[in-house]
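Take a look at this one chain, the form predicted on its own, written out in structure tokens.
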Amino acid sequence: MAQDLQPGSIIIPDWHQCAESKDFFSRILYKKKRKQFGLLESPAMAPQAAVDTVQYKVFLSGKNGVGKTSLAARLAGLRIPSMHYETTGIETIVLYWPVKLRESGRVLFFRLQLWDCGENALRRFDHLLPSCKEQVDAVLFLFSFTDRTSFDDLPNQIARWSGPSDRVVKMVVGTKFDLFMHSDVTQREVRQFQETQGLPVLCTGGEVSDGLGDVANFLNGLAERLWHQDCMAATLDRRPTQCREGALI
């Protein structure tokens, strides 16, 4: 099961710090800052260094104000909004992240399309949730350490995405972790929740740097679980050993 996956067992976690990775990460950076990619754009590699790209749809779920838009901006290297505003519809952000598989030594570009939709909009317009669920590969369930109700609402958020043939990667993200002086949720409660639900819990917060270190652990962990889920699905479906063949672009 994906929740039993040991971090770093599939993807080399500190590869972004190795000299070997410099050429790959230079394709997603400009003047030490992350490049912004449109829906039809991708990192340009030299023909002799071309690598496969796998694409995934990731939905951010959570109450209004927990930081879904800020998390998407953080992961994509965008400026985090200084003021909160409610997402009125669906907003998407595309980011690329290169990884190296531990066993084969193969390098892949992960293309992650982050979907962010306001909670009130989901309640008001019935067609939005089915659109968000369509061909989704992962769901990040967000709560804020400064909002107790958002933590208590997690079971409802998770139940909304449960299904009989569920192959969606699920992870929980605690935002505003840096505001520990104002925390309404204890570390003990987070550990208990993680043990009960069997889902990994990641924590984010603080300022965003121009480097990769503040998002590398998060994106590597997400990429690892997505790749593992595809390999498990390929095994169950008795497909060829090539994982995620249909998603190579």
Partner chain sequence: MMLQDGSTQILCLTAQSGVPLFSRGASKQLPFSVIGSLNGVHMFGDGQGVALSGCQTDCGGRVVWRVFHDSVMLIAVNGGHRSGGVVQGHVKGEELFLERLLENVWNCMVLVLGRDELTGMKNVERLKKDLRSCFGLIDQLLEDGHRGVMGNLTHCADCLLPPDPALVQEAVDGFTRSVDSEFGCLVVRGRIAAATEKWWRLAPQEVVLLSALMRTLSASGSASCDYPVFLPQGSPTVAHRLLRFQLLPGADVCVLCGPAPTLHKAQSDLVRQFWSPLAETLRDCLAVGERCLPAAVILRAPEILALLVVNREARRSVSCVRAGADDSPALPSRPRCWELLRLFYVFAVTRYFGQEEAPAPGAPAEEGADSRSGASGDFVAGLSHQPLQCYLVTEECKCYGLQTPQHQLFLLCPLSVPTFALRNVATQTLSAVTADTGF
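Positions refer to the first chain, counted from 1. Note that the structure is a prediction, hence the values are computed from the model and not measured.
Although it is not shown, the form predicted together with its partner chain is what the next lines describe.
Only one listed stretch (192-200, 44-52, 213-221, 31-39) carries heavy atoms within 4.5 Å of its partner chain in the predicted complex, and that stretch is 31-39. Its partner chain is not drawn, but in the predicted complex it has a heavy atom within 4.5 Å of Gln135.
Using a 4.5 angstroms threshold between heavy atoms, Arg124 counts as touching its partner chain in the predicted complex. Contact annotation: Pro155 falls outside 4.5 Å of its partner chain in the predicted complex, judged by heavy atom distances.
For Lys57, a non-hydrogen atom is located within 4.5 Å of its partner chain in the predicted complex, even though that partner is not displayed. The listed set Ile93, Val168, Leu101, Met171 contains one residue whose heavy atoms approach its partner chain in the predicted complex to within 4.5 Å, identified as Ile93. Although the partner is absent from the chain shown here, Glu86, Gly89 and Gln113 each have a heavy atom within 4.5 Å of its partner chain in the predicted complex.
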